[in-house]
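Below you will find one chain, with nothing else, as structure tokens; this is the form predicted on its own, and questions on how it binds or moves follow later.
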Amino acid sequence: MNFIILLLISVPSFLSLGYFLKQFRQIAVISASISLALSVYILVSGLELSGDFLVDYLSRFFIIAIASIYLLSVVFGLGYHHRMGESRNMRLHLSLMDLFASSMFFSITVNNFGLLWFGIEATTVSSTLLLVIEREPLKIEVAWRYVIIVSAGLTISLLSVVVMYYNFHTLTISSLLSSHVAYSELTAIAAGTALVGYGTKIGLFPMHTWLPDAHSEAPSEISAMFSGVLLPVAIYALYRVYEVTASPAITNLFIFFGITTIIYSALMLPSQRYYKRMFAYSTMENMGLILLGFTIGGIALTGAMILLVTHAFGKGAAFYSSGNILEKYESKKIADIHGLKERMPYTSVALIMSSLAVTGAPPFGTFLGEFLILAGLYAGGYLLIVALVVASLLVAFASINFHVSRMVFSGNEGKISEPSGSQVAVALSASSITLLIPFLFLIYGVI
């Protein structure tokens, strides 16, 4: 069965060579489609591995989320960047998306903390190049900031890898998960440095400063991959360390960073003037919630998984819709966008649905995920944390949906036109899938 995982990792890498072929567009779609087919097989078959690769109930859902957003983003990008035509930039863009996806698949499946760190670092390289594909000065500046801050964080997380090897004399994840690791100062150092290091990549407060800029300046389909699946891959790495090093003190530390990230992002949302930046802060809030769910465990862990997968599609749809709006209005300012319901009716539907999804409105899967996380916190006696999370969620819900409502319903102007059919279809499909996620988990037997 290692062969299946090897295919999952190697197919996007190999087909990135489509850069040199005339059919590079078709090859990119084929690469993403094969990845999705393999991820569906892995999920449906219940594939379990613990040798060179580690695949379990947790990683299977990460894999399906990555593959889905990878395919949706490739299809969206083909329409969104049509102005690039057959240029070298377009070829490079699609090839880098393949390598980006491959590095995430590698990170999620490798059974070694050292190689996991290497995989996370590889995602930084490919995603940085995708940030600057349009070669605009501001995007280049943002990319430099992203590289410097995230690389500094990952250097700290490398210390976690070194400490773990010094303490356990192995970096095999499955071996460490199956053993009962005793708490020590070294395990505390490993957990703390991993939290700061990987937390920088996740965008936890106060290591988040790169995130709003990078997400708002990246091409929209790359913003979708950043928010929808890249940050969860970093959460996966952090959670694997937490599983090995967990203790009451470490649990409280993780909860502290999770709740401060949620509160900070909620406080930032009401004053946002740019819609892509607004969705970037929303991503921070959701990552904080997911971290809380993973940390508490039990029913909250189930909620975190539901929230993670639903958020991938919901935030993907939000950025796809944002890309459509940016293409037609040529502005990222919320105040410049009005009359969407008349000008771009299909995009406005996708935008409203995605905004409701990422803010946890019922009946979207995020609502169920957040409810289960809150239930886990309540059952664990974290009543103050529950109150703070609920208050923050209400602020975020009101802020995002108020801004989106202004964009959609203010003004009464005639249509401009929708962008290409594929772009609209991708945005509508991603937002609609958020309604189906709870049924997927129900069928799978998780809830």
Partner chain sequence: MIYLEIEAILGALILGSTLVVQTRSYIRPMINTVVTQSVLLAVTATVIGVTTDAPDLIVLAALIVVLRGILIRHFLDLKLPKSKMFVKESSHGVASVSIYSVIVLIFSFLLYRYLFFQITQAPLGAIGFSMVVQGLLLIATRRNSFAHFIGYVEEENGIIFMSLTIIPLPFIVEISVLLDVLALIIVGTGLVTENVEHPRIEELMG
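Worth saying up front: this structure is predicted, and the values here are computed from it rather than measured. Residue numbers count along the first chain shown, from 1.
Missing here is the form predicted together with the partner chain; even so, the following discussion is about that form.
Engineer: I'd like to check something about Ser247: if you look in the predicted bound form, is any of its heavy atoms closer than or equal to 4.5 Å to a heavy atom of the partner chain?
Structural biologist: Ser247 lies outside the contact set for the partner chain.
Engineer: Answer yes if any heavy atom of Glu141 is within 4.5 Å of a heavy atom of the partner chain in the predicted bound form; otherwise answer no.
Structural biologist: Yes, contact at 4.5 Å.
Engineer: So, Ser179 and the partner chain: in the predicted bound form, are they within 4.5 Å at any heavy atom pair?
Structural biologist: No, no contact at 4.5 Å.
Engineer: Does any part of Glu185 reach within 4.5 Å of the partner chain in the predicted bound form? Heavy atoms only, please.
Structural biologist: Close contact exists here: in the predicted bound form, Glu185 approaches the partner chain to within 4.5 Å, heavy atoms only.
Engineer: Any chance all of Leu7, Leu38 and Phe53 sit within 4.5 Å of the partner chain in the predicted bound form, going by non-hydrogen atoms?
Structural biologist: So, no: the whole triplet misses the partner chain.
Engineer: Heavy atoms within 4.5 Å of the partner chain in the predicted bound form: which of the stretches 293-301, 236-244, 310-318, 169-177 has them?
Structural biologist: Every other range fails; the passing one is 169-177.
Engineer: In the predicted bound form, which of the listed residues (Ile334, Val75, Ala122, Ile263) lies with a heavy atom within 4.5 Å of the partner chain?
Structural biologist: Selected residue: Ala122.
Engineer: By the heavy atom within 4.5 Å rule, which residue out of Tyr275, Phe364, Tyr281, Phe254 makes contact with the partner chain in the predicted bound form?
Structural biologist: Exactly one residue meets the criterion: Tyr281.
Engineer: Can you tell me which bits of 139-178 touch the partner chain in the predicted bound form, meaning any heavy atom within 4.5 Å?
Structural biologist: Read in sequence order, the residues that approach the partner chain (within 4.5 Å, in the predicted bound form) are Ile140, Glu141, Val142, Ala143, Trp144, Arg145, Val147, Ile148, Ser151, Ala152, Thr155, Ile156, Leu158, Leu159, Val161, Val162, Val163, Tyr165, Tyr166, His169, Leu171.
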